[in-house]
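Just the one chain here, the form predicted on its own, laid out as structure tokens.
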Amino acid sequence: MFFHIVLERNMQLHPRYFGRNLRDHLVTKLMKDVEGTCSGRHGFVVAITGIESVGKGLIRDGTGFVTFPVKYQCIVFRPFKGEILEAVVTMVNKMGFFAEAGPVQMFVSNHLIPDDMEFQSGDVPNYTTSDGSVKIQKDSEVRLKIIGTRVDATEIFCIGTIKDDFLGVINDPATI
């Protein structure tokens, strides 16, 4: 799920950037440092949407660097248990398959795949229904439900299932 929140960060800036474009340099450095990162508490920072305030700088002794407290608005992505997501399959093996929905990695165990689908090894490992009409392989798009999350300091990993109504393959690259 996506949220629009306000966060704070102390930004250090080198003295060479002092001048009339100081604020622009701060914003550029903030975007470079923050966008695409993950905090376990808030999730993945997708984009900075605005700067609320830039506080007074504090000169660091001996270095000349200045630390500015910056308050900014951003869009974050944080998956929750029970959420339905669309993901792209990245790897298939006999234990299940891995998929990605944006920056989030997910694993779907073979116990959480419908019983009528069986693992087929070969050139392209996949899970196929007995009649061959549905196939899950690398680059397939699937709709899955998150049944568990693990949050680390710098990443979020999810366990999902496709063993429910309206879940499963939504786009198979083999049929294109």
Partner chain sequence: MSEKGGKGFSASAAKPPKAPSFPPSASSSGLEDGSVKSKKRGRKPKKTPEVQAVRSDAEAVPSPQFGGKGDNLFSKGMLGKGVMGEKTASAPKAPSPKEPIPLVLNVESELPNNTKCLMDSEAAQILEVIQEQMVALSEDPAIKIPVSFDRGLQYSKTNNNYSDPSAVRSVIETLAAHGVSEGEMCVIANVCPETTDEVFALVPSLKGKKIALTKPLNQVLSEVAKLRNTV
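Everything quoted here is computed from the prediction, not taken from an experiment. Residue numbers count along the first chain shown, from 1.
Note that the form predicted together with the partner chain isn't included here; everything after this is about it.
- Which one of 134, 58, 54, 48 is close to the partner chain in the predicted bound form, taking close to mean a heavy atom within 4.5 Å? After the contact test, the surviving option is 48.
- Query: For residue 28, is any heavy atom within 4.5 Å of the partner chain in the predicted bound form, or not?
  - Reply: Yes - in the predicted bound form, heavy atoms of residue 28 and the partner chain come within 4.5 Å of each other.
Closest heavy atom of residue 11 to the partner chain in the predicted bound form, within 4.5 Å or not? Taking the distances in the predicted bound form, the answer for residue 11 is no, it never comes within 4.5 Å of the partner chain.
Quiz prompt | the partner chain contact in the predicted bound form: residue 117, any heavy atom under 4.5 Å | solution = No, residue 117 is distant from the partner.
| query | Would residue 69 show up as a contact with the partner chain in the predicted bound form if we use heavy atoms at 4.5 Å? | reply | Heavy-atom contact with the partner chain at 4.5 Å: absent for residue 69.
Q.
Need the contact residues for 14-37: heavy atom within 4.5 Å of the partner chain in the predicted bound form, sequence order, or none if there are none.
A. The stretch 14-37, when checked against the partner chain in the predicted bound form, contributes 28, 31, 32, 35, 36 at the 4.5 Å heavy-atom cut-off.
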